[in-house]
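Take a look at this single chain in structure tokens; it is the form predicted alone.
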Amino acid sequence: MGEILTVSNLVKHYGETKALNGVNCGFESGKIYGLLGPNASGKTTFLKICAALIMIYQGQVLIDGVRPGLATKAKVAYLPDSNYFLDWMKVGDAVNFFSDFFADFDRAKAEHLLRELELEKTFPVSKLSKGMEARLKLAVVLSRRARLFLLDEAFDGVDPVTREKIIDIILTTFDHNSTIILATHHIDYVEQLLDEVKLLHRGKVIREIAADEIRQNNGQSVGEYYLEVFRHAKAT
């Protein structure tokens, strides 16, 4: 289907710290990717650049051939690892905010996801537990009809039963004209979702491989492959 996201020689510094150190990779439409790596490997910085939240960097990032910015925000749905709802909001206000802000927001899908994830529209956002907050973020982000979904530690704080429900929702509603990038260090949470994985270490993509190749040719789970690669990476 062609690449929705192409990254060439991407470098990002924070002072003297190099968060991304020459990233080269591409992401095709119709696939779910795992962007996997330990903490401080550069995953969040990478997603923020793609979401046009970080605009100063070296190298090239293209979404449908266009640099991330105002022109790409309508194509990109970003779920950060931090809370972005306002304390005065109720769950229903958060849905209304997304509906007003994004023309591609599917309110019917949002209503369905709220029911599936057991979120009451009258419940105050300020009183949400970490797990409920994670459910709400997923509900509003997944209700967009975006081309590229960037999900940063989407399952943190979500209990196992809800996690399985969310995974089922993603698998059954995934639009094969879109792409999902799941950035996480919890590989076991997302294993069954993944078509391909990219392993990020010290700001570089050190491995790119299809999940089925890992399972069939290597005889490993994605999690086992991850541990093997990073044991070697830390030793070198």
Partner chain sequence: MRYNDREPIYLQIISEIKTQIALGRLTPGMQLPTIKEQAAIMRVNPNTVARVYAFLEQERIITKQKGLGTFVSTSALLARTLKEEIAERNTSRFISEMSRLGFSTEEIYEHLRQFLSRVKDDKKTS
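Residue numbers count along the first chain shown, from 1. Just so it is clear, the structure is predicted and the values come from calculations on it, not from any experiment.
The same protein also exists as the form predicted together with its partner chain; that form is not shown, yet it is the one meant from here on.
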Is Glu228 part of the interface with its partner chain in the predicted bound form - any heavy atom within 4.5 Å?
no
Taking heavy atoms only, is Leu194 within 4.5 angstroms of its partner chain in the predicted bound form?
yes
Contact with its partner chain in the predicted bound form for Gly30, defined as at least one heavy atom pair within 4.5 Å: yes or no?
yes
Although its partner chain is absent from this view, report whether Gly22 comes within 4.5 Å of it in the predicted bound form, heavy atoms only.
no
Per-stretch contact check against its partner chain in the predicted bound form, the hit in 47 to 55, 199 to 207, 167 to 175, 60 to 68 (non-hydrogen atom, 4.5 angstroms):
167 to 175
Counting only heavy atoms and a 4.5 Å cut-off, does its partner chain in the predicted bound form sit next to every one of Lys90, Asp93 and Asn96?
no
